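Take a look at this single chain in structure tokens; it is the form predicted alone.
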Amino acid sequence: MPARPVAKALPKRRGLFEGFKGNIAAISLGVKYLIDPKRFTLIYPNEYIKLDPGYRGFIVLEKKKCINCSSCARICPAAAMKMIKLPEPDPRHPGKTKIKLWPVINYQRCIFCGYCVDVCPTEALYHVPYHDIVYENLAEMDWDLETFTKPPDYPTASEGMPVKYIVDEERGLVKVKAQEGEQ
């Protein structure tokens, strides 16, 4: 039996200036935070966020540890990891080559979940403690095997002042200087 259509009543109009009043409230809140001296905007690269130990940043491959099992590519929920075939010299048969599978990553797709690092049986994949890198075009984010085996250059990680954000009960998020020996 087909479903019966149900007629719904539209909400009643409250008046011409109700929407205008809401817009004025939103604009006034924006102006308040624009002139508020207690803003917590990060002045990048003069300041950078000091990250906690165990932060999941860019993923790097240690090629010597990799056993070419493809676990990283199989578990990746965003399909950012894939395996590529490369010919390599066969140590058992001099002069002959064999095809090996190696992982590569596409950072246009990576969500930094860390599943690939967790599932790696030989710990050939590891995180570096940053992920704020600027690329000039999207093709640079699709790493080949050579790029994937070395940590990316990140000069702003050593420049500027490290800061942390803490929660203040009165003001909300507050930016403070991070101490170097802080755990």
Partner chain sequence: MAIEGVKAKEQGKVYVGNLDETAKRAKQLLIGRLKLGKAVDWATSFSLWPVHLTTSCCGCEFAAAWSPRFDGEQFGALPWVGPRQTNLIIIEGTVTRKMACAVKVTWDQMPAPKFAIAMGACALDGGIFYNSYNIVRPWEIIPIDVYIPGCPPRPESVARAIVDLQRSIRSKGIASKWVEEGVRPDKPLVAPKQDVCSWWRG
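Just so it is clear, the model here is predicted, and its values are computed rather than measured. Positions refer to the first chain, counted from 1.
Keep in mind that the form predicted together with its partner chain is not shown, yet the notes after this line are about it.
Are any of the heavy atoms in E62 no more than 4.5 Å from a heavy atom of its partner chain in the predicted bound form?
-> Taking the distances in the predicted bound form, the answer for E62 is no, it never comes within 4.5 Å of its partner chain.
Looking at the partner-bound form in the predicted bound form, is L173 within 4.5 Å of its partner chain by any heavy atom?
-> Contact check for L173: yes, within 4.5 Å of its partner chain in the predicted bound form.
P151, heavy atom within 4.5 angstroms of its partner chain in the predicted bound form = Contact check for P151: no, nothing within 4.5 Å of its partner chain in the predicted bound form.
Could you confirm whether M141 comes within 4.5 Å of its partner chain in the predicted bound form, counting heavy atoms only?
-> Yes, M141 lies within 4.5 Å of its partner chain in the predicted bound form.
Along 41 to 80, which positions have a non-hydrogen atom within 4.5 Å of its partner chain in the predicted bound form?
-> Counting only heavy atoms within 4.5 Å of its partner chain in the predicted bound form, the contacting residues of 41 to 80 are T41, L42, I43, Y44, P45, I49, L51, Y55, F58, P77, A78, A79.
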